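Each of two forms of one protein chain follows alone as structure tokens, named structure 1 and structure 2.
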Structure 1
Amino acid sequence: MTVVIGLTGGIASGKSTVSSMFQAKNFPVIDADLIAREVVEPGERAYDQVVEAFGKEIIKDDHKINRPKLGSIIFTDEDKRKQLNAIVHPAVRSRMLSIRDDYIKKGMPCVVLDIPLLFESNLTHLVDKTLVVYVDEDVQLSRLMKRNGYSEKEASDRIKAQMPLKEKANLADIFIDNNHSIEETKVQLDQVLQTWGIG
């Protein structure tokens, strides 16, 4: 019986760290962000739909989508952002589910769906268990400033644009406290897997 885990967190919370811990245990991780990039590659149906919706000026010389240019269009226009999401999200979901189902058929004990907007996009029905990687806001702020070279305001704006981690932790089946060392995070992950009967 495969347990499908929905892994989520916030910017600079350490979700990628936990994701690689799952991979180190040979549990497959299906990354929504990675798939969101794949489905808009040339030759994909979503690519054609995006170009049709946003025009040829978002295409680079190599025929790929100019992500910064598309980003600048949707960043300032809520309707355009919704339009893009309406194309990309269903394509991502469908590919994630197809990969998930393949792993279930192979009898994997556990499959991880790494979805940043698991709660915001109401995708918890795709998984059996939800796991949030949590850090305190001050830790999140200093890690983000250090990692991306942001000013305090830039980092704070990006954190505020997301659902607060406290809220996500309350919604999750279990959360991992990632305020401390990587070793402590590893121990917590092992405990979670034990609790859920995944060896």
Structure 2
Amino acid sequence: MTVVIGLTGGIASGKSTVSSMFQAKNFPVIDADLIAREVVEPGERAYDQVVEAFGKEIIKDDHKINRPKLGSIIFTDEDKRKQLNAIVHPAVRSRMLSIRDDYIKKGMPCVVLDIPLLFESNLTHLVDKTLVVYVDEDVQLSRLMKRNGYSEKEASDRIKAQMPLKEKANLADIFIDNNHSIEETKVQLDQVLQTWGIG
């Protein structure tokens, strides 16, 4: 029986850091952000729909989507963000489910769906357990600014586009406190997997 874990958190809260710990244990991780990049590559149906909705100004000379430009549009305008989500999310969901089901057919003990918007998009029915990677907002803001080189406003706009992390931690089956060292986070993950009887 495969246990499907929904891994989520906030932007820069440490999901990729924790998902690499799952991969180090040979548990496959299906990354929604990565798939969201794939489905808007030139030639994909969602690419055509995004270009139709947002116009040629969001396309680079190589015909790929200008991600920072589209980000600057949708992270400051909720209606435009909803318009983009309505195009991209169904394509992401269907590709994630097909990959998930392949792993289940192979009898994997555990598969992880890394979905930043797990709660915002009401996707908890796709998983058996939910795990949130939690950090305090000031830690989240500083790590995001440091990692991406965003201004405080750019980082804050992106954090505000998601459900507050405290709310997600309350909704989750379990949360990991990632405010401290990566080693401490790893110890917590080992404890979570032991609690769930996995690995």
Ligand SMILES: CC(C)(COP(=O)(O)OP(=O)(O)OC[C@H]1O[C@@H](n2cnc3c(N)ncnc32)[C@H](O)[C@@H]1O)[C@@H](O)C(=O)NCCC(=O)NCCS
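Start at 1 and count along the sequence of structure 1; that gives the residue numbers used here. We call the rigid core whatever largest set of C-alpha positions still superposes within 1.5 Å between the two forms. It should be emphasised that the depicted structure is a prediction, and the values quoted were computed from it without experimental measurement.
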Pair member which, unlike the other, is the form predicted in complex with the ligand
2
Is E167 displaced by at least 2 Å at its C-alpha between the two structures when the rigid core is overlaid?
no
Taking the rigid core as the reference frame, tell me whether V51 has a CA displacement of 2 angstroms or more between the two structures.
yes
Superposing on the rigid core, I want to see if Y150 changes position between the two structures - specifically a Cα shift of 2 Å or more.
yes
Inter-form CA displacement between the two structures at K60 - rigid core frame, Å:
4.2
After superposing on the rigid core, what is the C-alpha displacement of N85 between the two structures, in Å?
2.3
